[in-house]
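First comes one chain, alone, set out as structure tokens in the form predicted on its own.
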């Protein structure tokens, strides 16, 4: 009879699911439909393997992080499990470099104090103090860089961004969290076209995702649209244009929403430009990052343009 280990306790699992077993022993696991549809009972396996059926219907990014549906999981061997929010530990990281990417976005490169596992596009929490933290996406790629790369946007009155711009300097030791989030590239469909849309510092996770995809020899179309009110809001422009020159399947389209665009820039709202260029998204993968209003509208419109909801990944901030 397989055992389920949760929170340091071991429970014997007879013929029922992980959800049945844990709730029968008084463990509070969020659940609703109990049929694998609502995904409320999402859990993560930390030791052992779960049957493939327990991942049916999950986005590839969740399956890649060992998440599964407790109501659909009938374990065949001993496993250790946790709720999604469990285990997001803290660690120290030394500031290797600080640079202005533009007037409102600060680039911070960090060297974690220990082995740090993450996927390009995930996020970490940056702590100003014990009670004050903000989430920032990772623009770095583990296989390409030893340092973590954050893009911190200056927010008027922002407790963490204000502190970052005023006080953080090379050599400082900061507290960060382990990485989390499901906005990242999953290999396995190298021919699939990918649309990436960002505003502001929403470029950060997409910069990592694009380079990770290219590193994995993705040969489907990679189309990045980055929106700003004016040309001053763009950053990493030279780096992205060099990538586009080196990789024919990657295109970079900076979009200016206020006023006329100069040569090398598109004119209009970033979502409008992206959909005008790519009206049929059937079979595409989509990544949306940045302003919540844009992200929410883009989720709906890219779905109406043919993208499957399972292939739409969003990170609003």
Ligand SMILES: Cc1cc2nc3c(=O)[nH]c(=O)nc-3n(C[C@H](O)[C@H](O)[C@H](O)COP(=O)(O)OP(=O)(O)OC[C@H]3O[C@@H](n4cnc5c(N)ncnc54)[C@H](O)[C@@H]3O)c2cc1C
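Positions refer to the first chain, counted from 1. Not measured: the values here are computed from a predicted model.
Form predicted in complex with this ligand: not shown, discussed below.
J.: Given a 4.5 Å cut-off on heavy atoms, tell me which of 112-120, 171-179, 128-136, 237-245 is the interface stretch with this ligand in the model of the complex.
T.: Careful reading of the contacts points to 128-136.
J.: If the cut-off is 4.5 angstroms on heavy atoms, which of these, 142, 84, 162, 107, is the one near this ligand in the model of the complex?
T.: It is 162.
J.: Can you work out which of 102, 72, 151, 223 has a heavy atom no more than 4.5 Å from this ligand in the model of the complex?
T.: Among 102, 72, 151, 223, a heavy atom within 4.5 Å of this ligand in the model of the complex occurs only for 151.
J.: Does this ligand get within 4.5 angstroms of any non-hydrogen atom of residue 158 in the model of the complex?
T.: Judged by the heavy-atom cut-off of 4.5 Å, residue 158 is in contact with this ligand in the model of the complex.
J.: Please tell me whether any heavy atom belonging to residue 311 falls inside 4.5 Å of a heavy atom of this ligand, as the geometry stands in the model of the complex.
T.: Result no; residue 311 lies far from this ligand in the model of the complex.
J.: Please tell me whether the candidate spot formed by 195, 278 and 284 is one where all three residues come within 4.5 Å of this ligand in the model of the complex (heavy atoms).
T.: Zero of three within 4.5 Å in the model of the complex.
J.: May I ask you to list the residues of 180-213 that have any heavy atom within 4.5 angstroms of this ligand in the model of the complex, in sequence order?
T.: Stretch hits, in order: 201, 204.
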